[in-house]
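Listed next as structure tokens is one chain, alone, in the form predicted alone.
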Amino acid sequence: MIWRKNKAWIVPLGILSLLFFLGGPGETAWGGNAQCLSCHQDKDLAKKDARGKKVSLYVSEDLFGKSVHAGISCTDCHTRILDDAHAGKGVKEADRKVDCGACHEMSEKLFKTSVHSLRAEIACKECHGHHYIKPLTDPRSVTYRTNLIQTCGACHPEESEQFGGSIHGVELSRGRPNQPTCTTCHGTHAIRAKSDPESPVHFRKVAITTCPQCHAAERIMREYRFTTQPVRSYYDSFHGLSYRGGDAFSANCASCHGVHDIRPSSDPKSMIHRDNLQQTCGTCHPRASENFAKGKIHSVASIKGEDFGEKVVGWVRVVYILLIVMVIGGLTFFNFMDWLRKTIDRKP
């Protein structure tokens, strides 16, 4: 056979074929992570940023293999680092940028409208991390719902501390399901300033959608043995009617209960504790006396009410509605019969 007589050509031919598939001489194969990790597994590998701070460039192969991005290669994210000049000359400013939107297009689109992108100019890595990103459902993930207090607290320490001591934060730390966390009220990628009408924490939405999403949900209330009465009673109150009418100065949920530091009424630090109610009401009603806040607040007029006063008001409402129907209905019937009689009399 010819190939047996020319064995000397087998080795050179194999080398040329390998170079062809690797992209030709002078270039490096970047399909896998071995080339990158050959340097970046060095724990002492580091650089200095623009401020002169030492930044580690170490990447653990084991931890990266357990991350949500384990199935992709380094160059899928670091797309501009493609040749040996990276190691020889260092990385340029543009080369360090990672475009998460290449895969997470919708998240990036929402994020660009957020206050974090427009004002703070922070990137995805500030919240999600770098190489060891865990799935959202993993309790070890920095964006897992019980870990968001610490994650958001890195930039918002005061709010994080207040929320941690609130009834929501305490129950969340105990692992109770359905407890709100930062993103429940503020949103996730499209977080907007509270002055933005589209923000969930804008004053026009707090008592319409944000708080009622839990406190008006029958399933959640049954689970925690609460009642939706506070929401219903608020809508029927002077504050609620004025608020729904568009009055920007009307009290909403946060006006009385607080924002991040929401506590139960039995807590002496709560804004709605009986010792603090006069001061809380006095925020909008400066001349409020001690008796001003002694009445029942979230009460619903009903004949099946909890106390005698609610039942009395409930019966008054029933009688009032009956009188309206009888008086207006009677007048309407009388006028109709009068018109009918006169119409009949006009006929020849």
Partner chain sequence: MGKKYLRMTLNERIQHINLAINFTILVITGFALKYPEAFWVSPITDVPLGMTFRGFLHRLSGVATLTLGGYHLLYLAFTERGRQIVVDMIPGWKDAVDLWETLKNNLFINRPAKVLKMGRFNFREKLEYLGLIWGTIVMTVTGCILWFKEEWLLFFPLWTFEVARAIHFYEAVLATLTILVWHFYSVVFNPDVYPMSWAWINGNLTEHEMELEHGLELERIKAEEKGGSVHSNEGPKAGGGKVYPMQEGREKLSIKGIYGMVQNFNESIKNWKGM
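Positions refer to the first chain, counted from 1. As the structure is a prediction and not an experimental result, all values here were calculated from the model.
The same protein also has a form predicted together with its partner chain, omitted here; what follows describes it.
The single contact residue among Lys43, Lys296, Lys47, Lys66, judged by any heavy atom lying within 4.5 Å of its partner chain in the predicted bound form, is Lys296.
Though its partner chain is absent from this view, in the predicted bound form it lies within 4.5 Å of a heavy atom of just one residue from Asn178, Ser173, Ser242, Thr228, which is Ser242. Among heavy atoms of Asp247, some come within 4.5 Å of its partner chain in the predicted bound form. In the predicted bound form, its partner chain stays beyond 4.5 Å of every heavy atom belonging to Asp99. Within 4.5 Å of some heavy atom of its partner chain in the predicted bound form lies at least one heavy atom of Ser289. Residue contact with its partner chain in the predicted bound form: Glu198 places no heavy atom within 4.5 Å of it.
With the partner left out here, its partner chain still marks one of 182 to 190, 230 to 238, 160 to 168, 255 to 263 in the predicted bound form; by a 4.5 Å heavy atom cut-off that stretch is 230 to 238. Within 4.5 angstroms of its partner chain in the predicted bound form, the stretch 315 to 344 places a non-hydrogen atom from each of Val316, Arg317, Tyr320, Ile321, Leu323, Ile324, Val327, Ile328, Leu331, Thr332, Phe333, Phe334, Asn335, Met337, Asp338, Trp339, Arg341, Lys342, Thr343, Ile344, taken in sequence order.
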